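Take a look at this single chain in structure tokens; it is the form predicted alone.
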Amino acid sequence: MKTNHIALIVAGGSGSRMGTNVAKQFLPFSKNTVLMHTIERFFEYNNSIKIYLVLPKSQISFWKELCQKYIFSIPLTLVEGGASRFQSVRNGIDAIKEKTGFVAIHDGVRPLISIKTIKDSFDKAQELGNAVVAVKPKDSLRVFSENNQTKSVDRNDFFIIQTPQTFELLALKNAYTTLELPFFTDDASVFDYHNQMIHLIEGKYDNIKITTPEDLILAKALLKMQKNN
């Protein structure tokens, strides 16, 4: 029996930190936009994947205009987002029509996600129930201790979490029945709250999240390097 592979792509950002009037997911990137490039990566992985795109209600009409402008026709289901990322993800989960399968939740502004990472994420989730992409920090780390002092910590004890974060659909639905809490910074933290073991898989340092102007410059340079290799 074929297993459903589902991509839940969440894009709720604005242009505030980018210093633009256009939300970062709609900025030009490659031959279209950041968000379109992200969606294309999942479609390249599997052209029968079910894609659910969560956007703020105020951005949906502009998205449709961009789809016409760039003749972007990858099939997907549009979902209206909520007031927070947690609520947007939950809206996306509620919209999923499939009864079983595995869901890769991904930031719409991570356009450089590799096909291999997507595949590894689904493969490991099917084996263990979930898979969360992560990389080791490169820099030294310090934490606050008592009396506002800082102390060094072993960076080998830490991971930088990325997306996609892939989960079995029914377990994901169950986890998101909880009330939103302040420490839910990503989907893995929601599972932590339910005492579910999180399985990390190795990500890539070029799977960056575009948040600031510097990120966009770097992403374009990395994309050019990928095309040249």
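All residue numbers refer to positions in the sequence shown, first residue = 1. Only a predicted model underlies this, so the values are computations on that prediction, with no experimental measurement involved.
This protein has a second form, the form predicted in complex with a further copy of the same chain, left out of what is shown; the following refers to that one.
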With the partner left out of view, is residue 197 within 4.5 angstroms of a further copy of the same chain in the predicted bound form by any non-hydrogen atom? yes
Partner contact for residue 151 in the predicted bound form: a further copy of the same chain, 4.5 angstroms, heavy atom: yes
With a 4.5 Å heavy atom cut-off, would you call residue 180 a contact of a further copy of the same chain in the predicted bound form? no
Does a further copy of the same chain come within 4.5 Å of any heavy atom of residue 174 in the predicted bound form? no
Any chance all of 138, 142 and 158 sit within 4.5 Å of a further copy of the same chain in the predicted bound form, going by non-hydrogen atoms? yes
Mind telling me which stretch in 37-45, 22-30, 200-208, 58-66 gets its heavy atoms within 4.5 Å of a further copy of the same chain in the predicted bound form? 200-208
With a further copy of the same chain taken in the predicted bound form, which residues across 176-197 come within 4.5 angstroms through any non-hydrogen atom? 185, 186, 188, 189, 192, 197
